[in-house]
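Form predicted on its own, single chain, as structure tokens, below.
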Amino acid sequence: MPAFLARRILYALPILLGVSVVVFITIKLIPGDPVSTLLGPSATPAAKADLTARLGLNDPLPVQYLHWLWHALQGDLGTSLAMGQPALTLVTKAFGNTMVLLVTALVIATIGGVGFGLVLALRPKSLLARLVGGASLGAISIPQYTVAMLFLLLAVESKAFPVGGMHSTGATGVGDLASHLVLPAVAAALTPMGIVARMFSVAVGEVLAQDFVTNMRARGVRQPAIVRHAVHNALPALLTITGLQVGYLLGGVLFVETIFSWPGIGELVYQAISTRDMALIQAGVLLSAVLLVLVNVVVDTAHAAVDPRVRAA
């Protein structure tokens, strides 16, 4: 396993380098002039030229990229010109809030997806399986931001849950956080839950159709033991599916955060785009991209841990 993990980390390094190039170029392609945005329309040409020089925007793009990458490797992602604070500090704090929402949504999606997937695989012709199949298809078809808007309207009408923020005014307890977390987490989790349910049901169904399961039934092995063996053999597929949903969730929670005013990376980057705060945009996008690469490494390693054939290959 250590050798396998080391290889996966080495494979991830060029990917991370490519990610940094894509992030840097993408930010440069955003229309608008950050200097004019920061100084305002009444700024003098001399003030614009001075700020342009201080930001290093006169240098060729390769020079700008290498300068930015060198500082990023040292943990310096620049300073937010709009807020006057280190971009890494702002992004790290917001990213922690996003992880609370993302992990909660991932747990809901995985548990619900596995449960519904087993229903679809073990009782495919039952009424319950038909209801679950229809619900999972509907969850996949409806965008997360649409579900979030619907939940927001229902919360406003019913007043059963808070409609925005991470804590109520003056409250910091876990219970208060949980009440604010319910709606955005469920809204973000529904689509991944539907995907996990349908894919996991296929994986379990393929295992149940194999010869060794037929032999187990012929020997009189009870259904719970057969299900345990089927789930164990379907774990690699479940890990892969769940790992892919992290990327989907990270993209989806950005909209959910904006709708529910959750103080995460999505809302922060949205505000940074509005003010053309390039350092903050780059830091937020880069940290999100690095997380996806690291998640892939973790998923590959977990896959190898449960499937010796992967390690042998």
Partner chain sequence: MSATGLDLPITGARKRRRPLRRRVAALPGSTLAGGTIVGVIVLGAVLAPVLSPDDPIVGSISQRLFDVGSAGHVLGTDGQGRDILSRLMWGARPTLIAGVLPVLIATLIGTTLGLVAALSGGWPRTAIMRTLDVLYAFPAILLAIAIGAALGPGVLNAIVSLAIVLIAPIARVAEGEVLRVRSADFIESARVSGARWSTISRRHVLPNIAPALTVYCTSLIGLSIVYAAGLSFLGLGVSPPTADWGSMLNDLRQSIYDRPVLSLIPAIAIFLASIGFNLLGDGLRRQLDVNEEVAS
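Worth saying up front: this structure is predicted, and the values here are computed from it rather than measured. Numbering follows the first chain given and starts at 1.
Quick note: we don't show the form predicted together with the partner chain, though the next part is all about it.
All of L77, M99 and A185 within 4.5 Å of the partner chain in the predicted complex, heavy atom check: No, none of L77, M99 and A185 comes within 4.5 Å of the partner chain in the predicted complex.
Have a look at 150 to 158, 116 to 124, 177 to 185, 78 to 86 and name the one stretch with heavy atoms inside 4.5 Å of the partner chain in the predicted complex.
Heavy atoms within 4.5 Å of the partner chain in the predicted complex occur in 150 to 158.
Just checking whether T146 would be counted as a contact of the partner chain in the predicted complex - the rule being heavy atoms within 4.5 angstroms.
Judged by the heavy-atom cut-off of 4.5 Å, T146 is in contact with the partner chain in the predicted complex.
Next item on the list: Please run the contact check for V298 against the partner chain in the predicted complex: heavy atoms, 4.5 angstroms, yes or no?
Entry: Flag for V298 set to no.
Answer for L29 alone: is it within 4.5 Å of the partner chain in the predicted complex, judged on heavy atom distances? Yes.
With a 4.5 Å heavy atom cut-off, would you call A203 a contact of the partner chain in the predicted complex? No.
- Query: What residues, if any, in 267 to 281 have a non-hydrogen atom within 4.5 angstroms of the partner chain in the predicted complex?
  - Reply: Those in contact are V269, Y270, I273, R276, M278, I281.
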